[in-house]
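We begin with a single chain expressed as C-alpha coordinates, specifically the form predicted alone.
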Amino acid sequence: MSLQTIINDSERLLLGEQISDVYKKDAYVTDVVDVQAVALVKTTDEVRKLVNYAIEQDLKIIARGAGTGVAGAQVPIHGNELIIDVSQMKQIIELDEATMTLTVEPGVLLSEIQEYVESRGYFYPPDPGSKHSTIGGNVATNAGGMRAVKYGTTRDYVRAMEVVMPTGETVELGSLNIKSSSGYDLKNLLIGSEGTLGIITQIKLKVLPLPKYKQSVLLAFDSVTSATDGVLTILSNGIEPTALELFERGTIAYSEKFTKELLPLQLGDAYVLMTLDDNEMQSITRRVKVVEQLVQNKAIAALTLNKEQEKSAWKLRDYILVALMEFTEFEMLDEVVPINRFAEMISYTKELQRKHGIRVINFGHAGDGNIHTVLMKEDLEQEIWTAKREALLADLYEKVANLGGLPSAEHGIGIIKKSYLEKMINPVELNLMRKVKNAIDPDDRLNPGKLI
(Lines give C-alpha, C1' and ligand atoms only; values in the text may rest on other atoms or scores of the structure.)
Protein backbone atom coordinates (compact mmCIF):
# COMPACT_ATOMS: atom_id res chain seq x y z
CA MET A 1 0.00 0.00 0.00
CA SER A 2 1.26 3.47 -0.91
CA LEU A 3 0.11 6.95 0.04
CA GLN A 4 -1.09 7.50 -3.54
CA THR A 5 -3.42 4.52 -3.33
CA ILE A 6 -4.97 5.89 -0.14
CA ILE A 7 -5.26 9.50 -1.35
CA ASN A 8 -5.57 9.36 -5.13
CA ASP A 9 -6.22 13.10 -5.48
CA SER A 10 -2.91 14.92 -6.03
CA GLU A 11 -4.34 18.12 -4.58
CA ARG A 12 -4.96 16.32 -1.28
CA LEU A 13 -1.56 14.62 -1.02
CA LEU A 14 1.36 17.00 -0.61
CA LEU A 15 4.92 15.75 -0.98
CA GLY A 16 8.34 17.37 -0.99
CA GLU A 17 8.31 20.98 -2.15
CA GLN A 18 4.51 20.94 -2.32
CA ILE A 19 4.42 21.05 1.48
CA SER A 20 3.98 24.62 2.66
CA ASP A 21 5.92 25.91 5.65
CA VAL A 22 2.54 26.58 7.29
CA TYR A 23 2.56 22.89 8.26
CA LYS A 24 5.93 23.19 9.97
CA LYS A 25 5.47 26.05 12.42
CA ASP A 26 2.99 28.01 14.50
CA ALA A 27 2.98 31.43 16.16
CA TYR A 28 5.81 30.55 18.55
CA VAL A 29 7.56 27.57 16.95
CA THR A 30 9.32 28.52 13.72
CA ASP A 31 12.09 25.94 13.34
CA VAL A 32 11.32 24.20 10.05
CA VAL A 33 11.84 20.45 9.72
CA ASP A 34 11.06 18.21 6.78
CA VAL A 35 7.98 15.99 6.88
CA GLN A 36 7.28 13.00 4.67
CA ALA A 37 3.82 14.02 3.51
CA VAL A 38 0.66 15.95 4.25
CA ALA A 39 -2.61 14.13 3.58
CA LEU A 40 -5.79 16.21 3.50
CA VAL A 41 -8.35 13.57 4.38
CA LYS A 42 -12.09 13.55 3.74
CA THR A 43 -13.24 10.29 5.35
CA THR A 44 -12.68 8.19 8.44
CA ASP A 45 -11.63 5.34 6.18
CA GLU A 46 -8.80 7.45 4.74
CA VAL A 47 -7.61 8.27 8.25
CA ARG A 48 -7.71 4.61 9.22
CA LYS A 49 -5.74 3.55 6.15
CA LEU A 50 -3.15 6.29 6.72
CA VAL A 51 -2.62 5.14 10.31
CA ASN A 52 -2.11 1.57 9.07
CA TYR A 53 0.34 2.89 6.44
CA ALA A 54 2.24 4.72 9.19
CA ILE A 55 2.40 1.49 11.20
CA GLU A 56 3.83 -0.39 8.19
CA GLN A 57 6.40 2.33 7.48
CA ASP A 58 7.07 3.13 11.17
CA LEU A 59 6.15 6.79 10.76
CA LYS A 60 5.10 9.29 13.39
CA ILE A 61 1.74 11.02 12.87
CA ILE A 62 0.50 14.52 13.62
CA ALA A 63 -3.22 15.27 13.29
CA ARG A 64 -3.97 18.87 12.37
CA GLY A 65 -7.00 21.13 11.88
CA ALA A 66 -6.99 24.85 11.18
CA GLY A 67 -3.52 25.34 12.66
CA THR A 68 -4.62 28.00 15.15
CA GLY A 69 -2.85 26.36 18.10
CA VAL A 70 -0.26 28.44 19.94
CA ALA A 71 1.51 25.81 22.04
CA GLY A 72 3.44 23.91 19.36
CA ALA A 73 1.14 20.90 19.60
CA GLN A 74 0.58 20.59 15.84
CA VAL A 75 4.12 21.19 14.54
CA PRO A 76 6.63 18.49 13.55
CA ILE A 77 9.69 18.35 15.78
CA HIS A 78 11.39 15.09 14.73
CA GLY A 79 11.28 15.19 10.93
CA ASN A 80 9.74 12.73 8.45
CA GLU A 81 6.31 12.84 10.16
CA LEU A 82 3.07 12.12 8.32
CA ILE A 83 0.65 15.00 8.86
CA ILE A 84 -3.03 14.10 8.65
CA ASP A 85 -4.93 17.31 7.96
CA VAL A 86 -8.64 16.95 8.82
CA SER A 87 -9.66 20.46 7.74
CA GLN A 88 -11.56 19.08 4.72
CA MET A 89 -13.68 16.84 6.96
CA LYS A 90 -16.08 19.76 7.38
CA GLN A 91 -19.59 18.40 7.16
CA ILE A 92 -22.34 19.29 9.61
CA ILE A 93 -24.04 15.91 9.48
CA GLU A 94 -27.18 16.14 11.60
CA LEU A 95 -29.00 18.15 14.23
CA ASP A 96 -31.05 15.67 16.26
CA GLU A 97 -33.61 17.79 18.07
CA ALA A 98 -34.95 14.81 20.00
CA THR A 99 -31.64 14.39 21.85
CA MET A 100 -30.46 17.98 21.28
CA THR A 101 -27.29 16.64 19.66
CA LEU A 102 -25.33 18.03 16.72
CA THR A 103 -23.15 15.57 14.77
CA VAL A 104 -20.18 17.13 12.97
CA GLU A 105 -16.86 16.24 11.39
CA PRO A 106 -13.69 17.54 13.08
CA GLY A 107 -12.84 20.14 10.43
CA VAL A 108 -16.00 22.22 10.95
CA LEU A 109 -15.13 25.70 12.23
CA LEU A 110 -16.42 26.86 15.59
CA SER A 111 -18.07 29.90 13.96
CA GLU A 112 -19.93 27.63 11.53
CA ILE A 113 -21.29 25.51 14.38
CA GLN A 114 -22.44 28.55 16.34
CA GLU A 115 -24.14 30.12 13.31
CA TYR A 116 -25.79 26.85 12.29
CA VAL A 117 -27.35 26.02 15.65
CA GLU A 118 -28.37 29.61 16.48
CA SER A 119 -30.20 29.89 13.15
CA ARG A 120 -32.30 26.96 14.36
CA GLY A 121 -32.96 28.29 17.85
CA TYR A 122 -30.19 26.41 19.65
CA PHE A 123 -27.00 27.37 21.41
CA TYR A 124 -23.49 25.88 21.51
CA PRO A 125 -21.97 27.60 24.57
CA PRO A 126 -18.17 27.09 24.32
CA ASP A 127 -16.78 30.32 22.89
CA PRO A 128 -12.98 30.41 22.46
CA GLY A 129 -11.59 33.64 21.05
CA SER A 130 -10.45 31.93 17.83
CA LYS A 131 -13.73 31.42 15.99
CA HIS A 132 -11.86 30.04 12.96
CA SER A 133 -10.48 27.13 14.97
CA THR A 134 -11.88 23.68 14.17
CA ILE A 135 -14.12 21.77 16.53
CA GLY A 136 -11.62 18.89 16.42
CA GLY A 137 -8.92 21.22 17.70
CA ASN A 138 -11.30 22.54 20.37
CA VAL A 139 -11.90 19.00 21.59
CA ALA A 140 -8.19 18.13 21.44
CA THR A 141 -7.36 21.05 23.76
CA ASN A 142 -10.60 21.16 25.76
CA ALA A 143 -11.00 24.77 24.65
CA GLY A 144 -12.80 27.06 27.07
CA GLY A 145 -13.36 30.67 26.12
CA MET A 146 -15.49 33.51 27.37
CA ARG A 147 -18.67 31.69 28.42
CA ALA A 148 -16.93 29.05 30.53
CA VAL A 149 -17.73 30.93 33.75
CA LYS A 150 -21.40 29.92 33.37
CA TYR A 151 -21.51 27.10 30.83
CA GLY A 152 -18.22 25.23 31.20
CA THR A 153 -15.72 24.11 28.58
CA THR A 154 -15.77 21.95 25.44
CA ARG A 155 -15.55 18.80 27.57
CA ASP A 156 -19.02 19.51 28.96
CA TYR A 157 -20.60 19.42 25.46
CA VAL A 158 -19.07 16.31 23.88
CA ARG A 159 -21.53 13.44 24.12
CA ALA A 160 -19.62 11.00 21.93
CA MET A 161 -16.90 10.89 19.33
CA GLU A 162 -15.54 8.56 16.71
CA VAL A 163 -11.78 8.06 17.02
CA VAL A 164 -9.13 6.26 14.99
CA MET A 165 -6.71 4.76 17.49
CA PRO A 166 -2.91 4.33 17.05
CA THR A 167 -3.58 0.68 16.14
CA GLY A 168 -5.68 1.69 13.13
CA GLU A 169 -8.87 0.55 14.86
CA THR A 170 -11.95 2.79 14.89
CA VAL A 171 -14.02 3.20 18.04
CA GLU A 172 -16.89 5.38 19.27
CA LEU A 173 -16.31 6.70 22.76
CA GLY A 174 -19.17 8.06 24.85
CA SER A 175 -22.84 7.81 23.93
CA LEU A 176 -26.07 9.78 23.70
CA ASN A 177 -26.96 8.69 27.22
CA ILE A 178 -26.92 11.58 29.67
CA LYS A 179 -25.63 9.43 32.53
CA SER A 180 -23.11 6.61 32.61
CA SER A 181 -21.49 4.54 35.32
CA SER A 182 -20.30 1.88 32.91
CA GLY A 183 -16.56 1.52 32.97
CA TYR A 184 -13.69 3.95 32.46
CA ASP A 185 -14.55 7.30 30.91
CA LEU A 186 -12.37 6.93 27.83
CA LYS A 187 -14.13 9.76 26.00
CA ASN A 188 -13.01 12.31 28.56
CA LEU A 189 -9.53 10.82 28.61
CA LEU A 190 -9.10 11.75 24.96
CA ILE A 191 -10.57 15.25 25.34
CA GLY A 192 -7.64 17.57 25.96
CA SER A 193 -5.05 14.95 24.96
CA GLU A 194 -3.75 17.11 22.06
CA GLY A 195 -3.78 14.34 19.48
CA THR A 196 -1.45 12.06 21.46
CA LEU A 197 -3.96 9.23 22.02
CA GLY A 198 -6.21 9.14 18.94
CA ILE A 199 -7.44 11.00 15.85
CA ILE A 200 -10.99 12.35 16.12
CA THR A 201 -13.08 11.82 12.98
CA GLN A 202 -16.62 12.62 14.15
CA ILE A 203 -18.12 14.39 17.17
CA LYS A 204 -21.59 14.45 18.71
CA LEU A 205 -22.10 17.74 20.56
CA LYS A 206 -24.72 18.67 23.12
CA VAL A 207 -26.61 21.88 22.30
CA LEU A 208 -28.97 23.94 24.45
CA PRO A 209 -32.04 26.05 23.74
CA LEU A 210 -30.93 29.54 22.75
CA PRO A 211 -31.58 32.02 25.62
CA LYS A 212 -34.21 34.59 24.63
CA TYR A 213 -32.46 37.64 26.04
CA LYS A 214 -29.00 38.90 26.83
CA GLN A 215 -27.51 42.14 28.10
CA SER A 216 -23.92 43.39 28.34
CA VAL A 217 -22.52 45.81 30.89
CA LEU A 218 -19.13 47.56 30.77
CA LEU A 219 -17.47 48.50 34.06
CA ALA A 220 -14.46 50.82 34.29
CA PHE A 221 -11.96 50.75 37.18
CA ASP A 222 -8.96 52.85 38.11
CA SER A 223 -6.70 49.79 38.43
CA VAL A 224 -6.51 46.09 37.64
CA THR A 225 -6.62 45.37 41.37
CA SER A 226 -9.93 47.23 41.72
CA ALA A 227 -11.27 45.39 38.66
CA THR A 228 -10.39 41.97 40.06
CA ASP A 229 -11.97 42.93 43.39
CA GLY A 230 -15.10 43.82 41.43
CA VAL A 231 -15.05 40.44 39.67
CA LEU A 232 -14.85 38.53 42.96
CA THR A 233 -17.72 40.59 44.36
CA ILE A 234 -19.90 39.79 41.33
CA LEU A 235 -19.10 36.07 41.48
CA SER A 236 -19.76 35.75 45.19
CA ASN A 237 -23.23 37.31 45.02
CA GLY A 238 -25.07 34.86 42.78
CA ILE A 239 -25.14 37.02 39.63
CA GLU A 240 -24.28 34.07 37.29
CA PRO A 241 -22.75 36.03 34.40
CA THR A 242 -22.54 34.37 31.01
CA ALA A 243 -19.17 36.00 30.39
CA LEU A 244 -16.91 38.11 32.58
CA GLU A 245 -13.90 39.45 30.70
CA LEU A 246 -11.14 41.65 32.13
CA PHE A 247 -8.68 43.72 30.14
CA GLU A 248 -6.32 46.61 30.74
CA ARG A 249 -6.43 49.98 28.97
CA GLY A 250 -3.04 49.20 27.42
CA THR A 251 -4.42 45.95 26.02
CA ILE A 252 -7.65 47.24 24.50
CA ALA A 253 -5.76 50.18 22.97
CA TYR A 254 -4.25 47.80 20.40
CA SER A 255 -7.71 46.58 19.43
CA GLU A 256 -9.00 50.16 19.17
CA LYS A 257 -6.11 51.03 16.86
CA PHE A 258 -6.74 47.96 14.70
CA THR A 259 -10.55 48.25 14.42
CA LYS A 260 -10.63 52.06 14.43
CA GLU A 261 -13.40 51.87 17.02
CA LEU A 262 -13.37 53.11 20.61
CA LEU A 263 -14.51 51.30 23.71
CA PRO A 264 -17.82 52.88 24.85
CA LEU A 265 -16.14 53.90 28.14
CA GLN A 266 -12.80 55.69 28.01
CA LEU A 267 -12.31 56.24 31.76
CA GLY A 268 -9.96 54.18 33.90
CA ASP A 269 -7.05 51.77 33.48
CA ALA A 270 -8.95 48.47 33.57
CA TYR A 271 -12.32 47.17 32.40
CA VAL A 272 -14.70 44.31 33.03
CA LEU A 273 -17.07 43.39 30.20
CA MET A 274 -19.97 41.30 31.48
CA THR A 275 -22.85 39.60 29.69
CA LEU A 276 -25.97 38.13 31.31
CA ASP A 277 -28.46 35.88 29.55
CA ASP A 278 -31.87 34.51 30.54
CA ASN A 279 -35.29 33.65 29.21
CA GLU A 280 -36.78 36.48 31.28
CA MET A 281 -35.62 40.05 30.63
CA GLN A 282 -36.86 41.04 34.07
CA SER A 283 -34.31 38.71 35.67
CA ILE A 284 -31.48 40.27 33.65
CA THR A 285 -32.57 43.82 34.52
CA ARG A 286 -32.70 42.94 38.21
CA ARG A 287 -29.22 41.41 38.16
CA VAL A 288 -27.76 44.42 36.31
CA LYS A 289 -29.07 46.70 39.05
CA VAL A 290 -27.59 44.44 41.72
CA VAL A 291 -24.20 44.52 39.97
CA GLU A 292 -24.27 48.32 39.81
CA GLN A 293 -24.96 48.44 43.55
CA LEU A 294 -22.28 45.87 44.37
CA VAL A 295 -19.48 47.70 42.55
CA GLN A 296 -20.51 51.30 43.17
CA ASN A 297 -17.58 51.80 45.56
CA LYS A 298 -15.12 49.92 43.35
CA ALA A 299 -15.90 50.96 39.76
CA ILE A 300 -15.51 54.53 38.51
CA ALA A 301 -18.17 54.03 35.83
CA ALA A 302 -20.78 51.46 34.76
CA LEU A 303 -22.53 51.47 31.40
CA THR A 304 -25.40 49.21 30.35
CA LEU A 305 -24.72 48.79 26.65
CA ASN A 306 -27.23 49.21 23.86
CA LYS A 307 -27.07 46.77 20.92
CA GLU A 308 -24.62 48.89 18.92
CA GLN A 309 -22.34 49.47 21.91
CA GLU A 310 -22.49 45.80 22.84
CA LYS A 311 -21.46 44.74 19.35
CA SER A 312 -18.57 47.20 19.35
CA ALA A 313 -17.34 46.29 22.84
CA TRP A 314 -17.30 42.55 22.15
CA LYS A 315 -15.68 43.13 18.76
CA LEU A 316 -12.88 45.00 20.49
CA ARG A 317 -12.48 42.17 23.00
CA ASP A 318 -12.47 39.52 20.26
CA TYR A 319 -9.88 41.42 18.20
CA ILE A 320 -7.26 41.82 20.94
CA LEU A 321 -5.13 38.93 19.72
CA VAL A 322 -5.51 39.86 16.04
CA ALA A 323 -4.50 43.44 16.84
CA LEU A 324 -1.44 42.35 18.79
CA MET A 325 -0.35 40.18 15.86
CA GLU A 326 -0.73 43.16 13.55
CA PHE A 327 1.30 45.67 15.54
CA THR A 328 3.91 43.88 17.62
CA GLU A 329 5.77 40.66 18.40
CA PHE A 330 4.63 39.02 21.61
CA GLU A 331 4.07 35.80 23.51
CA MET A 332 0.63 35.11 24.98
CA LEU A 333 0.20 32.80 27.94
CA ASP A 334 -2.94 31.16 29.30
CA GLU A 335 -2.12 30.38 32.91
CA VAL A 336 -4.95 29.61 35.32
CA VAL A 337 -5.12 30.06 39.09
CA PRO A 338 -7.86 29.58 41.69
CA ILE A 339 -10.31 32.44 41.29
CA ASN A 340 -9.47 33.91 44.70
CA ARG A 341 -5.80 34.26 43.62
CA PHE A 342 -6.60 35.95 40.29
CA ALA A 343 -5.84 39.49 41.54
CA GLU A 344 -2.62 38.37 43.21
CA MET A 345 -1.41 36.72 40.01
CA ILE A 346 -2.10 39.75 37.85
CA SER A 347 -0.39 42.01 40.39
CA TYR A 348 2.65 39.72 40.30
CA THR A 349 2.93 40.04 36.51
CA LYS A 350 3.49 43.77 37.05
CA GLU A 351 6.30 42.98 39.48
CA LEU A 352 7.85 40.78 36.79
CA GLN A 353 7.56 43.64 34.30
CA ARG A 354 9.69 45.83 36.55
CA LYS A 355 12.11 43.04 37.46
CA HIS A 356 12.83 41.75 33.95
CA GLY A 357 12.36 44.85 31.79
CA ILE A 358 9.68 43.32 29.57
CA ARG A 359 6.36 45.10 29.15
CA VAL A 360 3.51 42.89 30.38
CA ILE A 361 -0.19 43.39 29.67
CA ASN A 362 -3.10 41.21 30.73
CA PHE A 363 -6.56 40.22 29.64
CA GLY A 364 -8.57 37.14 30.29
CA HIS A 365 -11.54 35.21 31.52
CA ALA A 366 -11.84 36.78 34.94
CA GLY A 367 -14.79 34.61 35.92
CA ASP A 368 -12.80 31.36 35.89
CA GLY A 369 -9.28 32.46 36.85
CA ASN A 370 -7.84 32.11 33.33
CA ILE A 371 -5.35 34.92 32.62
CA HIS A 372 -3.87 35.76 29.24
CA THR A 373 -0.59 37.39 30.21
CA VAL A 374 1.10 38.91 27.17
CA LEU A 375 4.86 39.50 27.04
CA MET A 376 5.73 42.30 24.60
CA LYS A 377 9.01 42.16 22.66
CA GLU A 378 8.80 45.76 21.45
CA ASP A 379 12.32 47.10 20.64
CA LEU A 380 14.34 44.40 22.39
CA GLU A 381 17.06 42.68 20.37
CA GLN A 382 16.27 39.02 19.75
CA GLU A 383 19.02 37.65 21.99
CA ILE A 384 18.07 39.97 24.86
CA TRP A 385 14.35 39.23 24.37
CA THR A 386 14.99 35.48 24.51
CA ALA A 387 17.02 35.69 27.73
CA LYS A 388 14.63 38.08 29.49
CA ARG A 389 11.60 36.10 28.36
CA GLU A 390 12.96 32.80 29.69
CA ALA A 391 13.85 34.35 33.04
CA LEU A 392 10.42 35.98 33.37
CA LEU A 393 8.60 32.76 32.46
CA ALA A 394 10.55 30.79 35.07
CA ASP A 395 9.44 33.24 37.75
CA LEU A 396 5.88 33.43 36.47
CA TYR A 397 5.23 29.70 36.36
CA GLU A 398 6.82 29.25 39.79
CA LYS A 399 4.28 31.75 41.12
CA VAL A 400 1.45 29.97 39.29
CA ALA A 401 2.47 26.71 40.96
CA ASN A 402 2.72 28.36 44.39
CA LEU A 403 -0.82 29.70 43.98
CA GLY A 404 -2.16 26.24 43.12
CA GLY A 405 -2.53 27.02 39.43
CA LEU A 406 -1.59 25.32 36.16
CA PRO A 407 0.34 26.41 33.05
CA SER A 408 -2.56 26.08 30.59
CA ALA A 409 -6.29 26.64 30.94
CA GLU A 410 -7.34 26.20 27.31
CA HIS A 411 -4.50 26.44 24.77
CA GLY A 412 -2.82 23.16 25.70
CA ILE A 413 0.74 22.22 26.62
CA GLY A 414 2.25 21.18 23.27
CA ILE A 415 6.00 21.66 23.45
CA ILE A 416 5.95 25.30 24.59
CA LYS A 417 4.79 24.59 28.16
CA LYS A 418 5.92 20.98 28.52
CA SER A 419 8.93 21.74 30.73
CA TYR A 420 6.80 23.91 33.02
CA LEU A 421 4.11 21.24 33.37
CA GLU A 422 6.76 18.70 34.32
CA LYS A 423 7.92 20.95 37.16
CA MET A 424 4.46 21.94 38.36
CA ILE A 425 2.53 18.69 38.73
CA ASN A 426 3.14 15.81 41.08
CA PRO A 427 5.65 13.31 39.61
CA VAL A 428 3.25 10.46 40.39
CA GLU A 429 0.54 12.17 38.29
CA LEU A 430 2.99 12.79 35.45
CA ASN A 431 4.07 9.15 35.55
CA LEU A 432 0.42 8.04 35.40
CA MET A 433 -0.08 10.18 32.28
CA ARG A 434 2.96 8.58 30.66
CA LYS A 435 1.67 5.09 31.53
CA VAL A 436 -1.67 5.92 29.88
CA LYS A 437 0.13 7.16 26.75
CA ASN A 438 2.28 4.01 26.65
CA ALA A 439 -0.72 1.72 27.15
CA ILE A 440 -2.74 3.27 24.31
CA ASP A 441 0.14 4.18 22.00
CA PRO A 442 3.12 1.95 22.89
CA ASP A 443 4.97 2.87 19.70
CA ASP A 444 4.68 6.59 20.55
CA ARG A 445 3.24 7.13 17.07
CA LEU A 446 0.72 9.93 17.65
CA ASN A 447 2.14 13.43 18.18
CA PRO A 448 5.29 12.25 19.97
CA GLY A 449 7.16 14.64 22.22
CA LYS A 450 4.08 16.75 22.98
CA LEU A 451 2.18 17.30 26.23
CA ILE A 452 4.10 14.84 28.41
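From 1 onward, residues are counted along the sequence shown. The structure presented is a predicted model; accordingly, all values stated were derived computationally and were not measured.
In what follows, reference is made to the form predicted in complex with a further copy of the same chain, a form of this protein that is not presented.
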Does any heavy atom of residue 59 come within 4.5 Å of a heavy atom of a further copy of the same chain in the predicted bound form?
no
Are any of the heavy atoms in residue 176 no more than 4.5 Å from a heavy atom of a further copy of the same chain in the predicted bound form?
yes
Considering non-hydrogen atoms and a 4.5 Å limit, does a further copy of the same chain approach residue 426 in the predicted bound form?
yes
Taking heavy atoms and a 4.5 Å cut-off, does residue 248 contact a further copy of the same chain in the predicted bound form?
no
Tell me, out of 257, 286, 315, 354, which residue has a non-hydrogen atom within 4.5 angstroms of a further copy of the same chain in the predicted bound form.
286
One residue of 294, 325, 100, 300 in contact with a further copy of the same chain, assessed in the predicted bound form (non-hydrogen atom, 4.5 angstroms)
100
For a quick test of understanding: in the predicted bound form, does each of 144, 194 and 232 have a heavy atom within 4.5 Å of a further copy of the same chain?
yes
Contact stretch among 179 to 187, 325 to 333, 302 to 310, 106 to 114 - heavy atom within 4.5 Å of a further copy of the same chain in the predicted bound form:
179 to 187
Any residue of 276 to 293 with a heavy atom within 4.5 Å of a further copy of the same chain in the predicted bound form counts; write them all down in order.
279, 280, 282, 283, 286
